[in-house]
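Have a look below at one chain only, the form predicted alone, in structure tokens format.
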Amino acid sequence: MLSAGTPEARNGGTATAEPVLRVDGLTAGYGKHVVLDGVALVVGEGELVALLGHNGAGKTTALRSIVGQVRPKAGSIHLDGAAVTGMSPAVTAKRGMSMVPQGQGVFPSMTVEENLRLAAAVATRRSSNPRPQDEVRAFVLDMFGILKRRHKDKAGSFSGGQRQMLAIGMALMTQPRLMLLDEPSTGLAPVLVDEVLAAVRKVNQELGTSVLLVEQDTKRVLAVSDRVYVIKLGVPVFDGTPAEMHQQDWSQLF
């Protein structure tokens, strides 16, 4: 089993001075339409951070801006202390970001094995101390037993939840510093939502991968998160721990 240990262990015995991700004053949108206005957030080493909000709040736009799919109108984005504001997805991937989009980005005509190997082959980032790809692949297959049992089956024959698991596995094959997930529970039965979120937490804890998770299922995501941000109509309205959020009047946040 892969194990990341403490944040200090993951960094050769010393704590990281900078957070993995720092976003300050992010303003973004499409054309003249502003979706986000002054959003700030931080994801620390080994943290699982949730970004919550109602439909249309700007959560997906935030992820797309961070990963480089949307160019910010203002603000800054830093990964491990280095500016990546406005850089292309190819560059942010090389720097260590991996995004799992809403809707399970897998190749339906390819098998599980082929999807995982393709993800490894096209990964543009190469860590200074990467894990062997076979070791990462074994971790993915052990974590998602259905993928291991059906590794020769085409992804197109899988359910939505199984495709979501495969999409997360593909993201892990790139060995990211930061994994961004856009509403992985969309269209899934509650039991599968629990399974997917448990897997995300396992990735975070056992691989030490920092995670920024956008979700609609507030109660379930609070159970697996270290910290939480809420945005409302593109403006930040809450920053705190799950325990602190439980003490809030949610009607004022959503």
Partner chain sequence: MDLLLSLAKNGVIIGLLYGLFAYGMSLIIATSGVLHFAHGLTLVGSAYSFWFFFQEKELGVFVGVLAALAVGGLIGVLVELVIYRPLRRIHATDMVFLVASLSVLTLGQAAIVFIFGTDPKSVRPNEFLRWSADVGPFNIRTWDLLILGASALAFAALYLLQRRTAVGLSFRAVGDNPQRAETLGIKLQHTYVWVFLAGSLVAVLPAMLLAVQNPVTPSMGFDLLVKAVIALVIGGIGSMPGALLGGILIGLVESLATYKLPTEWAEFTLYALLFIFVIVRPNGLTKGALRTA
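Residue numbers count along the first chain shown, from 1. This one's a predicted model, so the numbers in the text were calculated from it and none came from an experiment.
Below, we refer to the form predicted together with its partner chain, which is not included among the displayed structures.
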Q.
Is its partner chain in the predicted complex close enough to Pro101, Phe107 and Met110 that every residue in that trio has a heavy atom within 4.5 angstroms of it?
A. yes
(Q) Under a 4.5 Å heavy atom criterion, is His78 part of the interface with its partner chain in the predicted complex? (A) no
Q: Report yes if any heavy atom of Ala74 sits within 4.5 Å of a heavy atom of its partner chain in the predicted complex; otherwise report no.
A: no
Q. Should Lys94 be classed as touching its partner chain in the predicted complex when contacts are defined as heavy atoms within 4.5 Å?
A. yes
Q) Closest heavy atom of Ala119 to its partner chain in the predicted complex, within 4.5 Å or not? A) yes
Q) So which of Glu135, Asp153, Asp142, Glu114 reaches within 4.5 angstroms of its partner chain in the predicted complex, heavy atom to heavy atom? A) Glu114
Q. So which bits of 22-53 sit within 4.5 Å of its partner chain in the predicted complex, heavy atoms only?
A. none
